[in-house]
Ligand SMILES: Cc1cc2nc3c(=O)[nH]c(=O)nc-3n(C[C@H](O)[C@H](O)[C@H](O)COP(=O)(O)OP(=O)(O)OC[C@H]3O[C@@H](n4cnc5c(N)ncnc54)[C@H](O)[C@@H]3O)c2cc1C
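Shown below, as structure tokens, is a lone chain in the form predicted alone; questions about how it binds or moves come after it.
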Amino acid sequence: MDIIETDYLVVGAGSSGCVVANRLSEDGRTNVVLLEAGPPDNYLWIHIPIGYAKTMFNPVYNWMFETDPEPEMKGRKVYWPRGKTLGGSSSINGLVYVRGQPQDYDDWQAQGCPGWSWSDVLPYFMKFENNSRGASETHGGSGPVHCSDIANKHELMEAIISGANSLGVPRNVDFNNGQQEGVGYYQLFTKRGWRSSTAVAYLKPARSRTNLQVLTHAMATRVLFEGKKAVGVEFEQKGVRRQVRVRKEVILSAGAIQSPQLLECSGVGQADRLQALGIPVVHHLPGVGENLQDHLQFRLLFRCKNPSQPMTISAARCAP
């Protein structure tokens, strides 16, 4: 079997993996291998913002997951797109830039996750960010990932915002400064009309480094252990089974779905579940694959005969 040796192995060249591979290889001396199950990000529609409509249901660049039937959704399955290319979901998503609510980060720390409070994570948000508005107390102006305003405001959207204002919902010009209440335009991960994915922002500048090896079409199948120490990963590339062995660390950056999946396939997880599947248990860790939450999105569609006419928006009450 073909075996590659390296210092660090990063599994998954997505939103986090591209960043990790860049940082680990920037000293020029540390050898890094980056595995990506999908193809390169050379599909033009990845980089044109409106092109996410071309990738949202494209199995070449999208894992196209579905949930199990959800009892709370009357037994329906919920479509769950995830990126399968360099840049991962940052190469196929809707480009909307939203950090999350400060209260959520503070709550994570309160529940026992030190280093995850809003004040702890804010400097990292600012470090990666190159905001078209420039640097401020809550935004970065010189990072690799570009964030831009929507240049052309639409009269229909302005009418919707004005209608919300008339109901007491304030206009919010910045959803990422720590205050998310309100209505307004999002910023987008774009630079001069092109998508700013982590593959473009972090991986592309690092590809010229001789100490970084990027392997695409490389599907990780299991983590290799010596006792309870991870020493490498086995993967398949174009029908050939290969291995990467590490001198230092294996880093799983395969996303919220596939990182725990890979751990469970490798014998790390809830012991009785693994045993029922015939997977030898390396380490009983019941939390693997549990407690994952994602945002459920639904869209309201309206037909408007003349978007230039004034709109009347009335308050509606949602049933509990």
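Position 1 is the first residue in the sequence shown; the rest follow in order. Not measured: the values here are computed from a predicted model.
The protein also exists as the form predicted in complex with the named molecule; that form is not presented, and the subsequent description refers to it.
> With the named molecule left out of view, which of Ala218, Leu122, Val145, Val214 would have a heavy atom within 4.5 Å of it in the predicted complex?
The residue in contact is Ala218.
> Heavy atoms within 4.5 Å of the named molecule in the predicted complex: does Val96 have any?
Within the cut-off, so yes.
> Is there a heavy atom of Met64 lying 4.5 Å or less from a heavy atom of the named molecule in the predicted complex?
Although the named molecule is absent here, Met64 would stay clear of it in the predicted complex, with no heavy atoms inside 4.5 Å.
> Looking at the partner-bound form in the predicted complex, is Ser25 within 4.5 Å of the named molecule by any heavy atom?
Heavy-atom contact with the named molecule at 4.5 Å: absent for Ser25.
> Is there a non-hydrogen atom of Leu285 within 4.5 angstroms of a non-hydrogen atom of the named molecule in the predicted complex?
Contact check for Leu285: no, nothing within 4.5 Å of the named molecule in the predicted complex.
> Which one of these stretches, 36-44, 277-285, 66-74, 263-271, sits within 4.5 Å of the named molecule in the predicted complex when only heavy atoms are counted?
After filtering at 4.5 Å, what remains is 36-44.
> Going through 79-95, which residues have a heavy atom within 4.5 Å of the named molecule in the predicted complex? Please give them in sequence order.
Result: Pro81, Arg82, Gly83, Lys84, Thr85, Gly87, Gly88, Ser89, Ser90, Ile92, Asn93, Gly94, Leu95.
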